[in-house]
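So this first bit is one chain, no partners, the form predicted on its own, shown in C-alpha cells.
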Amino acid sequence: MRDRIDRRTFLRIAGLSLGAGALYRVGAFAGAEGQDAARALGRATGEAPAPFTFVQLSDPHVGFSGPPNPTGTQAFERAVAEINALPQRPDLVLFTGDLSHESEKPGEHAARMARFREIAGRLRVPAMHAVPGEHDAGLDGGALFRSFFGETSYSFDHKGVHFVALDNVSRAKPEVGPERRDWLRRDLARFPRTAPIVVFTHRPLFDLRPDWEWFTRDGDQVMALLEPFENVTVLYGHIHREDVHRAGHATHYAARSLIFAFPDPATTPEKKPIPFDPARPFRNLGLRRLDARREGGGGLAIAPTEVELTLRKLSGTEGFAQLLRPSSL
C-alpha cells in the first residue's frame, strides 16, 4: 500500500508504526506558507514549533488472562524497556485506551489500574498522556480512570502541535456526547485552520466495522468540528490491528494491541482473537516500518515494510530495535 501525503502536511510519519504502537516524528514546516502557519500557531499556543517524536501505545489490557495471550503484561513491559533504549528519547507517550481489563471483583480493577501505572511509570520520557477504553471506563463511567489520571478529555500544546485527548467510551453509548463536543468546539476555536491537530482516542471516529463495534456513534459530528483544519491526525486503538483511513484533511491511524490481535474483518466473518501460537508468541504484534521519501511530483510517499516479531521467543517488541538503524530516524 502506498499513500500520498500533501507537502503541507505537518505531521510526518517518519518511519514507523510499531506493532506495539507507533513512533511518529513531527517535522518542521516548509516553504513560505508553512512559515506563515508556524508563526500563526506560535501566536496561538505561545510555543515555537519544533521537530519532535512521540510514541503511541495501545490496549495493554493489564489483568487480562486467557488463551489469546497467556503471557500477560510481557509485551507491555518489553515495549517500555525498548522505548527506554531508543537512541532518541521521545517527547511524549500517548496511550489510546484499554489500559486495564475490567473486573467486578471488589478492588481488583483498581489493582489492575495501579499495575498499569506502575509499568507505565518505568518509561523514561518527559510526559505520558492517556485516554480510557471501554474496559477502563465501561463499568463506572470513568470514575476509576479519573481517580488515577484525571479528566478523560483534555488538551495540551507541544512544540507547535495541539493534542486533544477525546473520551468516546465512558457514556452509556459508544459516543463522545454533546457536552464533550461543545468542549471540543470551544477548545479548537483559538487555532488557525493551518494548525496541526492530533486527536487521540480509543474507538475509531468513523464507521470502520459497526457490526464489530468498531465505530463511534457521533464520530461524524466530531469530525465535522475538525473538518476546517488542514492537518488533522487521529490516533486510536480498540481494533487491535493496524489500519489507515483518510477522509478530507484527516488521516486516522490504528495501533496494534499489546495483548492480542484481531483478524482482518475483510477476510474473516467472526470477531475472534487470533489464536496464540507458542511457537510464534508475538505473531501479529510485529511492526510496520514506514519509509517516507520524495516522489517526482514533490509529494511524500509512504512505503510500509511488514516485520514480524518472531525472531526470538517472547521477544515482544524486538522490532523496536529496527529504530536503531540510522536510516530509520
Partner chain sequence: MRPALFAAAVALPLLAAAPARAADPVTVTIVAKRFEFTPKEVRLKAGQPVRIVLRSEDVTHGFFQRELGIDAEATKETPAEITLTPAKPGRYVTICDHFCGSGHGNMKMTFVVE
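Residue numbers count along the first chain shown, from 1. Because the structure is a prediction, the values reported are computed rather than measured.
One more form of this protein, predicted together with the partner chain, exists but is not displayed; see below.
> Among E104, E151, E118, D182, which has any heavy atom within 4.5 Å of the partner chain in the predicted bound form?
Exactly one residue meets the criterion: E104.
> Tell me, out of G72, P228, G177, G138, which residue has a non-hydrogen atom within 4.5 angstroms of the partner chain in the predicted bound form.
None of the other options qualify; the answer is G138.
> Taking the shortest heavy atom distance, is F215 within 4.5 Å of the partner chain in the predicted bound form?
Judged by the heavy-atom cut-off of 4.5 Å, F215 is in contact with the partner chain in the predicted bound form.
> Please run the contact check for K173 against the partner chain in the predicted bound form: heavy atoms, 4.5 angstroms, yes or no?
Because a heavy atom of K173 falls inside 4.5 Å of the partner chain in the predicted bound form, the answer is yes.
> Do P210 and the partner chain come within 4.5 Å of each other in the predicted bound form, heavy atoms counted?
Contact with the partner chain, yes.
> Should D277 be classed as touching the partner chain in the predicted bound form when contacts are defined as heavy atoms within 4.5 Å?
Flag for D277 set to no.
> Of these, 130 to 138, 244 to 252, 77 to 85, 192 to 200, which stretch puts a heavy atom within 4.5 angstroms of the partner chain in the predicted bound form?
Result for this chain: 130 to 138.
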